[in-house]
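Below sits a lone chain in C-alpha cells, taken as the form predicted on its own.
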Amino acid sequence: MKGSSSLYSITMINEQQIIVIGGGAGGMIAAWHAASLGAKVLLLEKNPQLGIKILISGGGKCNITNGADIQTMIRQFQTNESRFLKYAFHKFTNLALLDLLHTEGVETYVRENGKVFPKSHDAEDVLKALRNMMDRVNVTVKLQSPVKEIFVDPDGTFSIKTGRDTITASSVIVATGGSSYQKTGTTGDGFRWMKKLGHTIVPLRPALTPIIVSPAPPSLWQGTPIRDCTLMAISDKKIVSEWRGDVLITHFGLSGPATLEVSRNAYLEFELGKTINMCVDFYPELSFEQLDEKMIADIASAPARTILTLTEQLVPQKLAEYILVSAKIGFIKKLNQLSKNERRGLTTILKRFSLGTVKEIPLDRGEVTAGGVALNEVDPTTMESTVVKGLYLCGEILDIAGPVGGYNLQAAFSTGFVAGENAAHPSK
C-alpha cells in the first residue's frame, strides 16, 4: 500500500480530488468506493496502522455486521437515527458488505444471535481485505499523519493541515470516529473541527459502556457471569433503563452485553445527579408469583435440604451466601423450616437484587459514543454537510449509537459507502 511515515518540512501538496480523514471502517470503505468510481483519493490516518478499532472489535474476532434483514437492523437505532440511516442501509446493505468480503476471501458465519464474524475468528483478515480493496483502486494512504485543522478556502476548496504539510482538496470525508477507546486514536478531534466549521455538536455521552458501581463488588464475585437475566437501572423507584442478556461482574462493577445496553439511558439520569441503583432479575421469564410457586415446588421436592443448597442452584454459586444474608436467612436452615415470609422475601430479592449504585459511566470505555454532529445538518442521501459544501461525514462522528451486535460497524460501512460515492460524483 502506498504510504509514508518519514518526516519532512511543511509544504503545499498538489490538490487531491478527495481527502478522507480517518482509516477506520467508514473511512476505508469511503476511500475505496470513491476511488473505484475514478476519483483520486488520499486517506490520512493518525495511527501507525489502519483499522485499530476493527482489530479490537468482537474481542479481536471482528463482529463485522448483523445478519438481520435491513428493516430489523434499522429498527435497532433510536427513531431519529433510524430515519437518518434508512437510505444508507438500503444503499449498502449487510449482504453487499459480506459479498465484498467474500470476494476478498473472507468467509463468514452468522451466530444464533445474528452477529456475523469471519470464520477465521481473526479481525486481521477483515482489515487485510479492506486494505487490498483500497490498493486495487490506487488509494494513497499516509499513516502517522494526524490532521491539525481543516480550513475552507475562499474558492470553496479545502486546506488540510497535518503538521507536516498542508494539503488541498476539492472534497473532504471526515471519518474520525467518536471519543471512546481514546487509546485507539479516537480522541474527538473531528468534533472540534466540525464545531469550528459551523456544525452543531450534540453533547457526547457514553454508550455501550461498562458501569462502575459503589461499593465495588466483593473480590469473590469478580469474574462471575449472570446469564440471561434482566439488568435494571433504577432511579427514584422507577426503571430508567433495562435489558435482558448476560451481565459480567468485574473488579470495578458491571460489564457484559446487558450492562452495555443499559448504560446509555442510565447515563442520562446519572448526569442529572440522580442516584442510580443497578439491580438484576435472575428470572425475567417468571413473574413474582410464578417464581414463588417454583420455590414452593423446589421445597416440596426435597424439604430436608438446606436453603443454601437450593439458593446455589437458583443463582451463580458465588452470590448465594450474600443473597441469603440480604434475605436474613441462615445458611443451614432446612427448607421445611422456611416461613412463608422468608420464602417470599427471598423471591423478592431474586427478582430485584442490588449490585450497587452507579459511581461512574466512563465515556472512554464505551464501544461507541452517543452524540456528535447533529443529524439534521447532514444530508442522509449523500452524507454531505448542509453547512459546508463538499464536506462529507460518516461513521461515529455522527450522532448515532446503535446496540451491540455489529450494527454500529454496519452504520459506519453504509454511511462511508454513501459518502464516498457522492464525494466522487458530487451533485451540482
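Just count from 1 along the sequence shown to find any residue number. Just so we're clear, the structure is a prediction, and the values are computed from it rather than from any experiment.
Separately, the form predicted together with a small molecule exists; it is not shown, and the next lines address it.
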Report the stretch among 342-350, 139-147, 241-249, 326-334 that approaches the small molecule in the predicted complex to within 4.5 Å, counting heavy atoms only. 139-147
Look at the candidate spot formed by Ser57, Ala175 and Leu409 and say whether the small molecule comes within 4.5 Å of a heavy atom in all three of them in the predicted complex. yes
Mark Ser385 yes when one of its heavy atoms lies within 4.5 Å of a heavy atom of the small molecule in the predicted complex, and no otherwise. no
Might Leu44 be said to contact the small molecule in the predicted complex, defining contact as any heavy atom within 4.5 Å? yes
Ser36 near the small molecule in the predicted complex, any heavy atom under 4.5 Å? no
At 4.5 Å between heavy atoms, is Val418 in contact with the small molecule in the predicted complex? no
